Each structure stands twice: as structure tokens, then as C-alpha cells.
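Only one chain is given next, in C-alpha cells, and it is the form predicted alone.
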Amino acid sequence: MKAEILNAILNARKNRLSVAVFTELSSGLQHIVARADADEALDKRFRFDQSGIEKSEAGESFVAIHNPPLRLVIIGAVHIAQSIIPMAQAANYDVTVIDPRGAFATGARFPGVTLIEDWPQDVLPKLGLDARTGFVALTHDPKIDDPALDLALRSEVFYIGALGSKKTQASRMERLKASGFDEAALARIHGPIGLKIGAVGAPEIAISIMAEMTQSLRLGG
């Protein structure tokens, strides 16, 4: 591997960008394609983290997919978050929980994850929200959830979910619309959050959320 290829991979990793390295099997020549420049077939490989042989008129190439680690940002150190976290960790997500309420955001309740006791609008710009990040807002408190959702909508996160009833979601959408978001942007928010599987209780709701997030990651939308 030439130095420029290796440096491009390392730079992409540093900046949490997805790239694919094509190696021509007949010649060993290599080139890099960023996900932003991917065609439909290559984008599918990115979505499924799927390296493999690709055939073209020029011959066969091995395509090595280099995706940043998956990350899940949870707004709200609440009961449902406690159920989501072990599932997300099992699916290889790095989890960060953000909640300014010290009574909720305690290490005893959330061991083994990055826990930030601060307002989301102060944390998220430093943390960064990218195309390999899932985002869920769970507090039910507009003072906490709305600024976080505002930032998520301005980012490339692959999933945005917000906890609440249909009535809560409708009110939330009106507030965000008043902040300047159009219908296309607001359609990115999955709310009420989770696939409609008749979930009852925090563990089942967490399953529905993880299923919906996985669907967005792998299938898009």
C-alpha cells in the first residue's frame, strides 16, 4: 500500500469519514473512493460494512470498506436509555449519554458509558454528529430535547428518534417548524420513536428503537 493511500485512510479515520479502497487484483493498483462519491452499489457496501470482490469491465477489484465506528448519542439519562445501552453496545455502538440533570446522570445508573452532565446544545457541537451516528432524544422535556433535535437536524446523523406520544410529536414538530425547518427536514425525525411492534415497557420499547435505528442504518430512510 502506497503512503498516500495509507495517509488518506488515516485522515478519513481521524475525521470520521467513510472511504473505500479499490485494489485491482490483476495489477495491485489502488485508488480510494469517498462515500460522498459512491454509486448505488458501493453505497450499499458502505451501509452494510461489506468488503468484497467487485467486477467491472476493467476486471476484478477487492473493495475494502473503511467506516468509522458506530456511535449512539442519547439525550436523557432515563429508564429507557438504560435498556437501550446494552443492546447498542452488543451491536458495537459507542454510546454517549447527555443530560444536564444531575439526579439522572449518575455513574451508578449508567456504568461503562460516556456520561455528560451538561446541556446538549453546549456538548453536541464539540462532540460532532456525523453519518455514522444515531441520535435519540428521550427526556420529554422541550428545554432539553428541542435544542438537541435542532442540532441533529442540521447534521448528517443516519437516524433521529424522539420519544413521545403522537400529540407530543405534533407539538414538537410545530415548535421546530417555527424554528425554520421545512417538512422534508422534519420528516427525518422518527416520532413516536421505534417500530410499531406493540412494545410495552422500557425493554420492549428499547427493542423497537434499536430495530428502527438498524433499519435506517442498513436500509436508509
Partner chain sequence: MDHSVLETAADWLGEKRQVALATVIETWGSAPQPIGSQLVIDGDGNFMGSVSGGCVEGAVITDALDVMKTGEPRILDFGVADETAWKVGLACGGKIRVYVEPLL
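What you are looking at is a predicted structure, and each value in this text was computed from that prediction instead of being measured. Positions refer to the first chain, counted from 1.
There is also a form predicted in complex with the partner chain; it is not shown, and the following applies to it.
Across the proposed site, Thr23, Ile53 and Glu60 without exception bring a heavy atom within 4.5 Å of the partner chain in the predicted complex. The stretch from 36-44, 190-198, 160-168, 60-68 that comes within 4.5 Å of the partner chain in the predicted complex, counting heavy atoms only, is 60-68.
Leu219 falls outside the set of residues with a heavy atom inside 4.5 Å of the partner chain in the predicted complex. Contact between Leu10 and the partner chain in the predicted complex is found at the 4.5 Å heavy atom cutoff. The partner chain is not shown here, but in the predicted complex it comes within 4.5 Å of a heavy atom of Gly28.
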